[in-house]
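What follows is a single chain, given as structure tokens, in the form predicted alone.
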Amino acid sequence: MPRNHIANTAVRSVSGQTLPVIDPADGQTYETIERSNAADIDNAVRAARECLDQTWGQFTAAERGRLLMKLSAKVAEHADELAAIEQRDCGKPTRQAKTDALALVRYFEFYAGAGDKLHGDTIPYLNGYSVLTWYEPHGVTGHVIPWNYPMQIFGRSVGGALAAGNVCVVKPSEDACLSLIRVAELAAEVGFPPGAINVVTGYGHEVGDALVRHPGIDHISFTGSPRVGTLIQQVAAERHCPVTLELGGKGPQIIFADADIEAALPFIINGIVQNAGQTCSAGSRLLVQRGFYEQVLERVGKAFSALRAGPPKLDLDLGPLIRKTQLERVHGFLEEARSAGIATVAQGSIVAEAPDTGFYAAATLLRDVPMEHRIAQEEVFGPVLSAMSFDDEDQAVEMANGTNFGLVAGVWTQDGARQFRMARRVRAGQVFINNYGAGGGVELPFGGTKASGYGREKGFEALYGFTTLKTVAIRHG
């Protein structure tokens, strides 16, 4: 049974209790994990603080980078193993699971080379003074990792924090944590000191709550729902603990009449089908200029009809959703849409090999979705694409910005001036022109506006969030 990973040791929870691990492909229990509590978090934070004070805090940035590079190479050696773990834990098709493992390799590789490039500055000031700045780690950082992309979000969050000189306590989702425990074991094998990376499993309301409340946590990184993000902000504010929050999105794919639909089509499909739609940056709204609307719907509908969901090892377009309650959530959204008279353009299929006990949802394309309807405003977190039409650029902007979210947007047009206008006017942390997602882009700062959160992970920008700036003024006459 996978244990908590604290100070490079496999540790039972203080409670002695366990939680079942469910295979979303068939709904059956196949493993157990520790049901930890506040005492386990306290042990992990103590181990992290000791590591920071005695070993990790003494390492140079170059030394931290060498360890991260070793971990990158080790993950690459075990990429197939990690992909297989993630596949069963999350229900990802083979290609997606392997992509996630290789993305983790790249995150560690990127941050291995970035940490010693985090330079301060000198500031011209009064005669007789020399003023300089430098970046210091927060100390012990807490990371709450969701179930949809455990390895990738671990890489972008923990990788950046370690490169900046922090030590980490990680609370993964109880629905998908096995790959992260294995990565922590690999980190110990390549020489990370005890306490640099700690992984504690359990329920969010028990372990996650204890982590964000712990006075020994100096910074919190959270990816999840706006509701929980609000609670974390409130708790963190009580002790003035900084936070980085990524809280989801309702990404628009904006298609103008001059767009290259042949080029756009694969991005439109993948943007909502990837990970069965369980992606914060999913392109879940399709906004099409009116004269082009029917043509685009015909093409997208044909592609949707061919999409197949099934067991992960069949490596189809979609695997299962993560759990039964998520499947019920998706079905609930679709029932509300049908009750409101919203028409279905096309629907994919669930293959016969998919067990009835699995959590499979067919890809669904809806048309003429009213902007005010819940399915156009809230994250479904499933393979559901809502199409709607607009007349001109102003209306496209109004619709694109017409939700509480602002994480990712795609704009498809051949008009160069419009490309820049839209990029400036759409409120989102990332705007992609004539593409969507840019292949994942480990180098590209990622985060949101409005209810999508604040702060940035990924890219070099993440290092600023995982550090605090100190100003030193020296009076020398």
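Numbering starts at 1 and runs along the sequence shown. In this text the structure is predicted, and so the values were computed from the model without any measurement.
The next section is about a form of this same protein that is not shown, the form predicted in complex with a small molecule.
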The small molecule isn't shown here, but in the predicted complex, which of 335-343, 82-90, 304-312, 244-252 has heavy atoms within 4.5 Å of it? 244-252
Site check I145, L231 and E379: each within 4.5 Å of the small molecule in the predicted complex by heavy atom: yes
Only one of T223, S72, T364, Q274 has a non-hydrogen atom within 4.5 angstroms of the small molecule in the predicted complex; which is it? T223
Counting any non-hydrogen atom inside 4.5 Å, which residue from E174, E109, D317, D218 sits next to the small molecule in the predicted complex? E174
Any chance F446 has a heavy atom within 4.5 Å of the small molecule in the predicted complex? yes
Please check if R323 has a heavy atom lying within 4.5 Å of any heavy atom of the small molecule in the predicted complex. yes
Can any non-hydrogen atom of R239 be found within 4.5 angstroms of the small molecule in the predicted complex? no
With the partner left out here, check for me: in the predicted complex, does some heavy atom of R156 sit within 4.5 Å of the small molecule? yes
